[in-house]
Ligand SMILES: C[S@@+](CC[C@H](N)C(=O)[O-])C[C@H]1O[C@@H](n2cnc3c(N)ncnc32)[C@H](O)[C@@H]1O
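Single chain ahead, written as structure tokens, the form predicted alone.
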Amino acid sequence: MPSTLPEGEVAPRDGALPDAAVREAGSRPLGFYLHVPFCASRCGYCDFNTYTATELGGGGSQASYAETAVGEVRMARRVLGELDRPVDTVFFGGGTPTLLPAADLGKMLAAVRDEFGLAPGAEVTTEANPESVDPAYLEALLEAGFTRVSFGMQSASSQVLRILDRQHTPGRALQAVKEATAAGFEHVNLDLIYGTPGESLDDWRGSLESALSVQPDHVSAYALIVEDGTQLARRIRRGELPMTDDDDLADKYVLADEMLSAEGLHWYEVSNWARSTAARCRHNELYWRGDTWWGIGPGAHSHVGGIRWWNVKHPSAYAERLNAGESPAHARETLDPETRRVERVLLEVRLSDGLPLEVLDEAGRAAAKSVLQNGLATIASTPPESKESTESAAGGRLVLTPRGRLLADAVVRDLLP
């Protein structure tokens, strides 16, 4: 299967990294992402690297997948031989990780624990479709060491779920939250999508009310993006469904922020709300701050000390590489200081903690004045424990206002002229 991944630089067959990259990684939080590329069916809006077949050949089957992924964890240990720090976060995504037996997810987590160790209080999350778990499965996850579960609810409207090609009924996600709470999970997230063609504002309000009724401690709400090549994009192109509308998306974001905030869930990233600092998704924060993560699985991306790479996409090709004792990396790139600075602006401006103004160059600082004058952001002082001066703008952080969050992409364009 031809890869559509970026070409980048040639990745070493043994996965070796520069010593400087490994040394830098030792000073930053470390996370592992484990990609499970299987789904029972493909959602019409999804363009993720997922597969619906249970047997893909070449070692790419669901039955053998956990052992294959464990092989990459062990390879990571060899490559990061000089890195001596435990793992802060582990995140299982997909696809649908919970299509695999709970014992398989436990085996993959155990490999990370055995090879690297888990830091005290480490966050261990799995995504799950509501219909793919039951109380026994959730209890098995908790026993294996998982601390957090994230359910793909998307909507409480039957009509919207049908358009998205979701398989669960509107009430199943709410029941799954109750089951996870009963099993003993302290942290439960619900993923929601707004802006589906045909979704009314009342539909969206009903989805928010339903989500809040089971009191999750974290909610992610994402505007629907119509990706080229998806079934949804084809239906819109044929005129079967209307295209998403920016004004409609803005109205629904404002409603989400109002309703979630009123129930004690506060934004900490443009599309994410949590009841407390402890309830935030620490793994995602690790991405947003450019820390260190190793992505396990076909198509997974990794970042260690300014080196970013991505694995081959197909599960069979992925398994073949590992079975041959080779790195599954398709290619990689070395991020220069300016690229890393630009990425900090792109990501950290979306956080409630704000973007340190010192990250901006001269043109960006000039543009920030206009952003402030237009009411898109405010200046917050650096935290009291920081050694930076809080008496000048150079020591502050740019924090988006509610209107600024609606125009976050435009703010970024202004800050990176």
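Keep in mind the model is a prediction, meaning the values are calculated, not measured. One-based numbering along the sequence shown.
This protein has a second form, the form predicted in complex with this ligand, left out of what is shown; the following refers to that one.
By the criterion of a heavy atom within 4.5 Å, D191 is counted among the residues contacting this ligand in the model of the complex. This ligand is not drawn, but in the model of the complex it has a heavy atom within 4.5 Å of Q154.
Contact check for Y45: a heavy atom falls within 4.5 Å of this ligand in the model of the complex. Contact check for T96: a non-hydrogen atom falls within 4.5 Å of this ligand in the model of the complex.
Distance criterion of 4.5 Å from any heavy atom to this ligand in the model of the complex singles out A128 from the list A128, V177, L80, V124. Shown without its partner, this chain lists A324, I225, A278, A182 as candidates; in the model of the complex, only I225 has a non-hydrogen atom within 4.5 angstroms of this ligand. Look at 308 to 316, 252 to 260, 288 to 296, 215 to 223: in the model of the complex, residues with non-hydrogen atoms within 4.5 angstroms of this ligand sit in 215 to 223.
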